[in-house]
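Single chain ahead, written as structure tokens, the form predicted alone.
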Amino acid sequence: MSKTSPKVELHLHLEGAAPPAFIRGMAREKHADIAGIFDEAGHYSYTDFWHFLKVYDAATSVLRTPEDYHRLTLAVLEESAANGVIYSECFLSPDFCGGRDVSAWRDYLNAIREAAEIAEKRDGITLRAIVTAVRHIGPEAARETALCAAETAGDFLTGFGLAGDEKLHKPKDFAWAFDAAREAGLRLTAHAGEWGGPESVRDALADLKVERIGHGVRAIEDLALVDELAEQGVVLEVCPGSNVALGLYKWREHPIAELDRRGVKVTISTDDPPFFHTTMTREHERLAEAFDWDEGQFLRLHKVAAEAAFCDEATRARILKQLETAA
């Protein structure tokens, strides 16, 4: 699948998609010293997943105003569109945008939405937002995050999720937040089955009642669970390059192909692309190389993603038509 072939991405962290040069520029403007998070080539540098979280937080620390997020959104969507993405969903966190104060959060969200509208006209990419509670900040903060999401739910902010360190807290600890988001009409996803095993996927489904799972790849370790995912139509937001970069798998051993073969609805995303030296184009190239996937296979998976997108039906129909037209 070529760089310009239309693609649908469901799992992208807005701050995690910030180009290193953009963050360095922001740091200079803010007179912030974050030099330690880059290697000699200017790329983000970390040793493992938990160090990655610290580097991520350091990079995010220079994003301090709604205008900063407006500029970030334009930069991220320009890069996504250059790699053929026609529809994207990104994770946003009121923890980073206004400290979970609803009024401040609203200002950040409006700035992001305004940038998304500019990018749609300029680059032809449609963005929808998923508010994400940060697991390692804790369940009480997640309640405040959910209230921010509920107050601003609508045609742009359409989902609610959970990200962060899977080793801290249980999905059931966040049930109140997910119930509040559901009652506000938001659709639900949660990171699981990345650093937590298959049981983390089971827990997210049972306790949070999500319809999508972020990552979910370690479900492959429990074939009964794989069968359940296939039967229930649960969609996995798979980020192969992220998994490989963090040492979970090697490319040819990645379970995305086997999950797909067993009937699970899998999709392709980049997660935090500059951290993992990837793009949507690169993901496709590596998957084609590892599994001999052709254009038809990728088109099928992007249709799965479009059908699973947290958007209105008119937007879904438009995205599906764009995919069909390019076939």
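Note that residue numbering begins at 1 and tracks the sequence as displayed. As the structure is a computational prediction, the values presented were derived from the model and not from experiment.
There is another form of this protein, the form predicted in complex with hypoxanthine, and it is not shown here; the text below is about that form.
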Would you check, heavy atoms only and a 4.5 Å threshold, whether E283 touches hypoxanthine in the model of the complex?
no
Exercise: A163 in contact with hypoxanthine in the model of the complex, heavy atom 4.5 Å
yes
Against hypoxanthine in the model of the complex, would F38 count as a contact residue? Criterion: heavy atoms within 4.5 Å.
no
Is there a heavy atom of H191 lying 4.5 Å or less from a heavy atom of hypoxanthine in the model of the complex?
yes
So which stretch, 65-73, 25-33, 296-304, 271-279, is the one near hypoxanthine in the model of the complex (non-hydrogen atoms, 4.5 Å)?
271-279
Residue by residue through 119-139, tell me which have a non-hydrogen atom within 4.5 angstroms of hypoxanthine in the model of the complex.
none
